[in-house]
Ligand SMILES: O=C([C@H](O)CO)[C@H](O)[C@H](O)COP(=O)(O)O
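The chain that follows stands alone, in the form predicted on its own, written as structure tokens.
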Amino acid sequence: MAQTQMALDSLDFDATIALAAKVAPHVDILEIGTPCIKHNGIELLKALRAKFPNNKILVDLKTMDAGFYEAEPFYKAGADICTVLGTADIGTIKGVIDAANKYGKEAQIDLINVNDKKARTLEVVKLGAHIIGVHTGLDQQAAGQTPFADLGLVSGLKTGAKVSVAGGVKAATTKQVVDAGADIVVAGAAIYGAADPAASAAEITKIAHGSAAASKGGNKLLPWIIAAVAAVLVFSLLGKKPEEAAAPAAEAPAATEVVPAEDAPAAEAPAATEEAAPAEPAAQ
């Protein structure tokens, strides 16, 4: 199961609170986007923390310097996750990780514009990074880029850190990113640009929570289900009385009625469908 994250990118304080109220019941994480936090400041975080105690809150600081000093006030004010750029100095990244650990929270390293994503991922994981952010920016999306190649690279490293994916994700591509290894699915425009943001958020979360988990779980349980059924059959046969097992052949019915194949019940499995759709930009 993957978690879902909604990016709040409006500069308007009240509009951000109103949108959060619509989508909060339907997502796991509320993200205060970079333009939003720069414009509204820490007071918006405090307001969201007070109104939505059941959601995690990510503050997309994209810290580039003074990691501990910049991140600590936001952790103290209620942030669960703060972001630091993967292109920052390793000391800056360590500062945000240290601040997160001090308050029992999480630090996310954003790989946007990192040239060697493999090397930087392995480096920051050694420092204790909690989340690796695979992020295809708005301008990169406009140039036709998607997060799938980077997601495959990072998730394939199997570092133990969670992997977050942002960049044009919507309902039609949610299952694809979850199956590719995403632990956190970030949607922005797909939700706030929808006619019904709450319904869009609920749809994406339903897919993220259920698609990969159901298919992977089913595959793991199938051998155990078969073994259990076989065991029941064996015990039921062994439990028959001797006289029942040796019943005279004459008492058996002369003919056995064969049920036509078309009348026999058949287990039906829901067919998975996936709609291909072009990526849409999601401002972070």
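For every residue, the number given is its place in the sequence shown, counted from 1. Owing to the predicted nature of the structure, the values given are computational and were not obtained by experimental measurement.
Another form, the form predicted in complex with the ligand, is not on view; read the next lines as being about it.
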| Segment assignment from 67-75, 150-158, 179-187, 113-121: heavy atom within 4.5 Å of the ligand in the model of the complex | 179-187
| Using heavy atoms and a 4.5 Å limit, would one call residue 168 a contact residue for the ligand in the model of the complex? | yes
| message | Is residue 34 part of the interface with the ligand in the model of the complex - any heavy atom within 4.5 Å? | response | yes
| Exercise: residue 174 in contact with the ligand in the model of the complex, heavy atom 4.5 Å | no
| field | the ligand contact at residue 164 in the model of the complex, heavy atom, 4.5 Å | value | no
| Heavy atom within 4.5 Å of the ligand in the model of the complex - qualifying residues of 56-70 | 60, 62
